[in-house]
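Shown below, as structure tokens, is a lone chain in the form predicted alone; questions about how it binds or moves come after it.
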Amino acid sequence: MQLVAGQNGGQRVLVSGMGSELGSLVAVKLEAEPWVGSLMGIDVDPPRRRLRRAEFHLLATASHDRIVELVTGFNPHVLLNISVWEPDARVGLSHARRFTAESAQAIIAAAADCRALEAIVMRSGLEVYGRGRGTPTRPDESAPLNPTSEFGKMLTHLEEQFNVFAMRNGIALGTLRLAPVLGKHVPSPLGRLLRQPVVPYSALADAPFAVVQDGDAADAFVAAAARRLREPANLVATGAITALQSAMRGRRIPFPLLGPGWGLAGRLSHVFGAPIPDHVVELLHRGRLGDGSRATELLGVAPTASTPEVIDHLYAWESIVRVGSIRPVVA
């Protein structure tokens, strides 16, 4: 991987959100990078993977002063902000808003006192483009931000905060606008919904959408950090699929819905453990695509798995099998 001039094996890298599935995968890949010296992470949950040399701190997002103390003491050269809570992935909407906002406030406050800081890479998503009137079907990075879902508004506000900080302090800011991330252990409301026995789809539209595999997303974060990405980049797997096509590939029962039916479907799905937040309803009803053609130019990497392949992998994962308690044999 080509690095910017002056980089060496002594780079200090901080990962905010290291405990998440994506964050821990990014950390594993960073540990293998020769340009990474010290690696530190913070999150509200412990990492999902075994890390060999990363230093991890378990902290609540409300622990503002402690986060600032740890981050400024580490004084990173590169900061990766993956502390984004998608609504109904790990927590509901209200907690997702609060945790994402609290984490961003603490990280930005700490970054202001990090004299060695050269670059920030932050997580965002295609949801920032919205699906309103006039929104391109396949927006590229130059398209205006027009979020039409709660998650899209969260991500847009996050981008605004980091953009203001980066411009004021002359810090390189790379923003990765990810398609919905799916992976074997990724908590995803879209992934959970598609794996239900009955999969709803829009009877009138059944619009196409694209996703990205978690491993490909992690590779993009590492590449963006190494290259000191200075602009937004869409990360989208090639190809597209619809909810009906997904259900057929996964041998699920497709269930057609009209507009009013989505409210009832959302309530029923919530009962069965797969809530449908508004950004997922938007995706299923109106589609969500993005132009990721510049990823190779900007990052030197591109998604290796196509959208249909990611969906096939989704249905290939083992389901939870409930086993009753085993009584010991009494001689």
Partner chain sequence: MMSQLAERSRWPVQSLDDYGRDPHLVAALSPLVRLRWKVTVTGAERLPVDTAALLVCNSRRFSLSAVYAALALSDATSRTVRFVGRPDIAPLGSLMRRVGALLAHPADVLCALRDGELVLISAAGTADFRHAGEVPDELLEQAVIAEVPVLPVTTMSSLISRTARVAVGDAVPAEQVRQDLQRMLDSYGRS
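Note that the structure is a prediction, hence the values are computed from the model and not measured. Numbering follows the first chain given and starts at 1.
There is another form of the same protein, the form predicted in complex with its partner chain; it is not shown, and what comes next is about it.
Undergrad: Heavy atom to heavy atom, is R249 within 4.5 Å of its partner chain in the model of the complex?
TA: So R249 counts as contacting its partner chain.
Undergrad: Is there a non-hydrogen atom of L299 within 4.5 angstroms of a non-hydrogen atom of its partner chain in the model of the complex?
TA: So L299 does not count as contacting its partner chain.
Undergrad: Verify the contact flag for V68: yes if a non-hydrogen atom of it lies within 4.5 Å of a non-hydrogen atom of its partner chain in the model of the complex, no if not.
TA: No - in the model of the complex, heavy atoms of V68 and its partner chain never come within 4.5 Å of each other.
Undergrad: Taking its partner chain as it sits in the model of the complex, is A207 in contact with it (heavy atom to heavy atom, 4.5 Å or less)?
TA: Yes.
Undergrad: May I ask you to choose, among T238, Q105, N75, N169, the residue with a heavy atom within 4.5 Å of its partner chain in the model of the complex?
TA: Filtering the options by heavy-atom distance leaves T238.
Undergrad: Can you tell me which of 189-197, 84-92, 239-247, 156-164 lies within 4.5 Å of its partner chain in the model of the complex, counting heavy atoms only?
TA: Within 4.5 Å of the partner lies stretch 239-247.
Undergrad: Does its partner chain, in the model of the complex, lie within 4.5 angstroms of each residue among R286, P308 and D312, using heavy atoms as the measure?
TA: Yes.
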